[in-house]
Each structure stands twice: as C-alpha cells, then as structure tokens.
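Two separate entries follow, structure 1 and structure 2, each one form of the same protein chain as structure tokens.
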Structure 1
Amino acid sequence: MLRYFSKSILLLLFSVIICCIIYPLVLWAIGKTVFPFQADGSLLKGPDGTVVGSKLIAQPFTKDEYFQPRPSSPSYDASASASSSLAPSNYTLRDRVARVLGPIVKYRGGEKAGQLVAPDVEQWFSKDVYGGEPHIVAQWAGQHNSLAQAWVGADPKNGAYVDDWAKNNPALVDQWIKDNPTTPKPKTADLAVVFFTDFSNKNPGRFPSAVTKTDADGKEVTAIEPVKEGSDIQSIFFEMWRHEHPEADLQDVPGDLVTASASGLDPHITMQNALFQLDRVAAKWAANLHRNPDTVRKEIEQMLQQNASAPFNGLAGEPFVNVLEINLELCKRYGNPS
C-alpha cells in the first residue's frame, strides 16, 4: 500500500514540475528569444518612446486628425471584451448606428450630391415638428425612454443639469411621484422623460448640449445649454429625420464604420473604411499645417497603402489597416495635433 502511495506522490511531483515549472519556462524562453514583440503584448511606442497601446487591441481616437476604429460594445475596455448581442430590430443598435451616420453621411445624388446631410438635419430639427406634431425632443424622449435615461447618465454634467431642473420644478417632480407611487424617491435618470418634455415646451427647436466657452479669466468652461445645432443634434435626431425623408438618396458607408466586431476590440479597419475617413483626416492636418489639402491627402493615402495588409500576404480577404499604427505614422510625419 505504501509503495503505491509513494509512486502516486512521485508522479504528482513529476507532473507539477513538468507542467507548472519546466513547460512555462520553455514557452517563456522561446517567446522572449524568438517572438519578443508578441510575448510582451505587441506594444507600440509613440514618437517620444513611451508605450501608447497594443497593436492587437483597439483604442478610441476622437480628434479629427486621426483615423477612428470600429465602434466598441465594451467601450474599448480590454478587460470586458464582448459583443453587444443586439438584434437588427433592436432600437438601441439602430440608434447607435444612426448616431455614427448623422454627422458623416452625404447625399449620393441630386443637387446636393456629395454634401453632408448634417446641416439639413439641423434645419429640420429647428422647425420642431415631427410627424405633424410639435416638440421633437419631447417625442424622442417619450418614444425612447431608455435613450433619454442614458443621456442623463452619460455625463456628470447632464445629471447635474437635470438635478438642478428638478430642484427648480418641484411641482413637476411631485406630479411624477403621484403618477409613479412605487418610486417615492426618484433618481435623476427616472425623471428623464418629464425633464425633456418640460425642456421641449420651454425651448422649442433646442436640445440640451455641452457648450464650451472662455470665461473672464481666460479659462475654458463647459456647461449644458439649449442649442439648435451641433454634433448632438446631427447624431441623436438623424434617425427621426430619416423617417421623414425616406426619399433622400444617401451614400453608402463601409459596414465596419458603423458595426462593432465580435470582441469589440478589433484594432483594424478596412481600406474602404480608411478611405472614407481620409477627407476628414487630410483636411484637418492640412488646416493645422497650413498646407495644400490635395497634397496632404495624397501623402496620407500613400501612407495608408504602405501600411495596409491582407490575410496570407494578400491571397485572401480585403486589405485592412491597423488604426493605432497609421495614427502613429501620422504623428511621426506631421507632429502632435494642436
């Protein structure tokens, strides 16, 4: 009996040494010597030598000087990789896609061919009529309660603005509590619909949006104010504008410009997507550098071609571009954006 027990102990020790010590050490040594870049996380460095991210994980870029990655369900959080799992019929997905399209989509035909739709969305919004009824913002909040609540929680300034409104309008809050007796102490987000309804009545053709101004001391101060134009209106109300203008002939956009990958962290975009963004990127760099836009566009397009790759050395699939790599190339060539 003791003999079998001792053999089992020896076998256990042998397995632990092989699987938990020797095998990991061998893989670590091979990775460090043969694949050091991949073993360290495929990290990329900026012009100043500091690590700015991984080649394998997408990260957000918001400045117009940069190419932007695909949308991300986990908001580019590498610890929460996941897809949204939303069906095409889900309004949350449709709303997200519409918000991307609003500021960038252009007319394909007609007298406005090649022009952005965004100014027309703003002009339509300022008339404050949807479906023949007034108060677009109130209708939007009433039809999509979850989106209105999401706006309140999207930024602390939004929540503070609604909280101040609630303090100044106790009668409306009390009426909401009477209509919802199971929630005697509503949170700020709970009041989203009644807030937007009151806001729409008092500010027709306006939407509460963050506005940055310079105060008397020369400091930039951001506050929520009623606005009739801007990216919020272009994105949030594009879907409603499209419903009222089904005949508008709009350009197609690359699919990966508005759809997230299964992981939500895809670091690449298709060449078609990159070329769609090229005009914006080139125009912004040309303005910063005070150079000819056509010349800058040709330079950046050449950089895209040089940095493009395809599976199996081009034998399969379409060309794609690593977003972080191409943006680093832009910084190396033109410097940091102002």
Structure 2
Amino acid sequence: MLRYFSKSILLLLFSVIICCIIYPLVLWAIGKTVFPFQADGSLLKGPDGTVVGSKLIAQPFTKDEYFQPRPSSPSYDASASASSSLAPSNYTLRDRVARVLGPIVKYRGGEKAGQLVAPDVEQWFSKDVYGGEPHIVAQWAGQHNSLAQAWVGADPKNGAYVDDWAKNNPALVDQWIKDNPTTPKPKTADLAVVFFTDFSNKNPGRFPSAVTKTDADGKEVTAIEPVKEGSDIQSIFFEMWRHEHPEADLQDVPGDLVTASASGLDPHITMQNALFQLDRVAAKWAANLHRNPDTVRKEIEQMLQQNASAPFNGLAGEPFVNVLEINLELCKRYGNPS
C-alpha cells in the first residue's frame, strides 16, 4: 500500500503540472494571440470609447428608446447567474408573467381592437367586486398569502406603511396573535394578509402604491397612498381580471418577452420580440428627433435585420438579435436618448 501511496503522489504531482499549469497556459496563449477579443470577454465600447459591457452578457434597459432584454432573475447581476427555478405548477410563475403582461397587452379583436387592456383593468378594479364578492384586494391577499407577504418585503416603504398600520390597529394585531398562538411576536410580513383585508375594507377599489409628489419646499417626496389606478393595479390585478374575462380576445405577446432565461443573462431576444417592441422604440426616437415615425421605424427595422442571426442559419432555430449591440447602434445613429 505504501508503494501505491508514493505512486499516487507522483501521479498527482505530474498531473497537476500538466492539467493545471501547462494546459491552461497553452489555451491562454492561443486566446491572447488568435482570439484576443473573445478571450477577454467580448467587451464592447460605447460612443465615448469606454467599455459599456460584454456583447454576451445582458444588461438592463428601461427607457422607451431602447430595446429591452428578457426578464432576469438575478437582475442582470453578471457575478451571480441564476434562473427563476420556478416550476410550471408554481403560481409565482403565472403571477410574474401576468404582471409583465398587464400594462402592455392589447385587444386583438372586437370593437376595442388595438387598444390597451390596462384602462379596463383599472375600471374593473375600481368597482371592487370579484367573483360576486366585494373587496378585490382582500380576496387577492387571502388567496395568495405569499404574494401579499412579498409585497411587504419588496420595498422598505411598504414595510413601514404596514408597521404604521399595525401601530394604529392594535386590536387587529392582537386578534392575529390569538389566532396564531405559535407566533407571539409577528414580523411585519406575517401581518400582510390582515393588513390587506383591513385596507380593502377601509379603501374599497384602492391599492397602496408609491406616489411621488413635490412638497412645499420643492423637494420630491415618495410615499405610500391608496390609489385607484397606475402600474401596480394594471400589473398585479391583470391575472384576476383575466380570470373574470376569459373570453376577451387579446393579442399574444412573444413568449421570450415574459419568460426569464436560464442564466438570467441571455443577451438576445427573438426577432418576433424585437418587432413587438419596435413600435414603442421607433415612436419614441421619432418624437425625440422630430422626424417622421414611419421613416425612423423603417431605419430601425433595417438595423434589426442586419443584426439578426439564427442558430445554424435558421436550420435549428428562429432569428434573434443582440440587445446591447442594437441599442449601441441606436445611440451611435441617433445620439443619446433624452
């Protein structure tokens, strides 16, 4: 055995030198000499010559002038790639997709063809009846406890708002503790469902949302207030609205627009997705530059076509475009967005 042990050490020594020193150095040298751009991580430079990111790594875009990448579970953090890991049977997945859809979905047929669904969702919400019962928000929190709890933790302001409510409503908190004897000191999130039930009773047709106002000193202040319209209502309650309007004829949104990629860093969107976003992008640039929307649209569409590629020239998949490259090109052509 001792003999085998010494041979093992020798094998370890030889193989470490070959596998961990010579092998990586040879590949490194090939990279340095033949593929320097790729070896460094495919870094792209912006209009002012500084590095703005990697061609292969998605980065977030929110302005209407830009094409937007697919949703990202790690929020485009390229030091912690991750997928959503949500099973098809997990309600969280359906909810996440519905929230993206709410503000952008349009009617496909009927008298409202081409119009956004969002105003109808807000109108339905303000009536505050779901399934024949009053109080949509209370029902939402009751059916989806985890979503209500997630809302409390989503922003410090939300948590503070619930804490304030708890201070002003000690009776309800005491009742909750009586119902849940195992948790004598509830955390803020534990009270989410009671909070929303009470909120819904006191503010029918309203939802607590962040509202930014300018106060007397001219400073911008953001606070939580009961609102009856806005993006929160359009996104959070689209799923319930859809449940009551299954017959509404809606336009399909491209699948990759609402689904998260595996790495969370997918730098591409499908051509279908890009064309879906094209109206918004072209309209915004046209307005910025005071130019004819149709010409701008044509120009950008041409850019998309030039950037497009497909797996095995389209034999194994559909065309897609690189979001960072196309947005860089928009910047180079039209200047920085407003």
Partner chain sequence: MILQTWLLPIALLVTATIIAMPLSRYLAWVMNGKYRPLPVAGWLEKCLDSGPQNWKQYTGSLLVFNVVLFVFGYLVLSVQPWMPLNPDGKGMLFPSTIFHSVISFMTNTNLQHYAGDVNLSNFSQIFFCIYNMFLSASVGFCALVAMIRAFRGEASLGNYFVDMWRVVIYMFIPAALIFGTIFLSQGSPMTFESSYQVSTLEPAAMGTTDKGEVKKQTIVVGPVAALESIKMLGTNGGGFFGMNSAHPFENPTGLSNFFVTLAMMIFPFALVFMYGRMLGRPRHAWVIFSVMLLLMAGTVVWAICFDTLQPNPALTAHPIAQTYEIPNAKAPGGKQEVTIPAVASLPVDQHLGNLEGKEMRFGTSAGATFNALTTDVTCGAVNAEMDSLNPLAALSPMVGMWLNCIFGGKGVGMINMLLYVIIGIFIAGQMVGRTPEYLGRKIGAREVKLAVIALLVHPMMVLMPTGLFAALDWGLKAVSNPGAHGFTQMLFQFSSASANNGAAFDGLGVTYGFANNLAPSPEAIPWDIATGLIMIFSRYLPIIAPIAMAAFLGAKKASPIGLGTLRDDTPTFGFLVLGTVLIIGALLFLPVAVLGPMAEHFGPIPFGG
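What you see is a predicted model, and the numbers here were worked out from it, not measured in a lab. The term rigid core refers to the maximal set of C-alpha atoms that superpose within 1.5 Å between the two forms. One-based numbering along structure 1's sequence throughout.
Structure 1, rather than structure 2, originates from the form predicted on its own. The two forms line up on their rigid core, and His290 then has its Cα shifted by 5.1 Å between structures 1 and 2. Once the core is aligned between structures 1 and 2, the alpha carbon position of Leu11 differs by 8.6 Å; this is the C-alpha shift at that site.
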